[in-house]
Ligand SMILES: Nc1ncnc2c1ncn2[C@@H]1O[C@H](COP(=O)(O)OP(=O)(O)OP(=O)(O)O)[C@@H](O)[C@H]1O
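Have a look below at one chain only, the form predicted alone, in structure tokens format.
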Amino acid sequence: MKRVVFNQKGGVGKSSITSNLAAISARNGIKTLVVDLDTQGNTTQYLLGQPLHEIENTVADLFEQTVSFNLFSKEPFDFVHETPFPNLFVMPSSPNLDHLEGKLESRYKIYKLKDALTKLEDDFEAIYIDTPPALNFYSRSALIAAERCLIPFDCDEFSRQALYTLLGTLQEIRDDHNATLEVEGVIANQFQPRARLPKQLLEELIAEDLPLLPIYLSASVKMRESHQQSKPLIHMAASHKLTQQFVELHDLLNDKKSGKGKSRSSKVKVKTA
């Protein structure tokens, strides 16, 4: 299973959601890989506890060799790093992704990530891909490589308008490059149950038959503490309310994958704002 977490809007929790779902997967005994395509490298630093400049053999190096004439190219597994957590691995990000993007686009290397992850399918049962907050070469590569897509959503009006655009973008990716890409659902993040506006927005999304997942992730300072300690919540505070919400979300997604659960919708729905 290859799952991408994507939203063109920044600050919606892509890295936190990617890392914590992957950590729960690994904690359950599933050999799990996280691919970090965001040049900020938040996922990489969260799971490895290292600054980016100290890390060699990154995802940027994987892309670099596709446009170089090196006769001794490495295999995709050579760019995978073991984390301190059992069964959890990372293909780390690098600021060099920025410099490579134009070269990769001009040589149309948009399918190279898909090729690399296909080679890793025998090594990892679950692969999670974190994306930059933009529709660029790397996020397109991820959407082409993935089988499933999760959309983080912070509960405000700007995010809702951006969501309609994003769903249209995903439909284009399906039509042009990846007909099997499935939108697993929209994840309400930083949810405040006592505030009127978030509840109203989510009710409207449900009324529009958009694929909102039924588990809402609460706003909590515990997530910031988790980032600071470079420990996913399942390893830092397993009994915390937010951790349990992530566990419920992980289980829901895997029940859907196995056919045990039912989703609101697996089709891309587009609404014109």
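A quick note: this is a predicted structure, and the numbers were derived from the prediction, not measured. Start at 1 with the first residue shown and count on from there.
Not on display, but discussed next: the form predicted in complex with the named molecule.
Not displayed here, the named molecule is approached by Ser15 to within 4.5 Å at the level of heavy atoms in the predicted complex. At the 4.5 Å threshold, heavy atoms of Asn136 stay clear of the named molecule in the predicted complex, well away from it. Not displayed here, the named molecule is kept clear of Ile55 by more than 4.5 Å at the level of heavy atoms in the predicted complex.
With a 4.5 Å cutoff on heavy atoms, Gln40 counts as touching the named molecule in the predicted complex. For the options Val59, Leu212, Met223, Ala26, the residue carrying a heavy atom within 4.5 angstroms of the named molecule in the predicted complex is Met223. A heavy atom within 4.5 Å of the named molecule in the predicted complex is found for exactly one of Thr169, Ser159, Gln190, Thr83: Gln190. Heavy atoms of no residue among Gly49, Ser230 and Val247 are located within 4.5 Å of the named molecule in the predicted complex.
With the partner omitted here, the stretch from 27-35, 213-221, 59-67, 200-208 that lies within 4.5 Å of the named molecule by heavy atoms in the predicted complex is 213-221.
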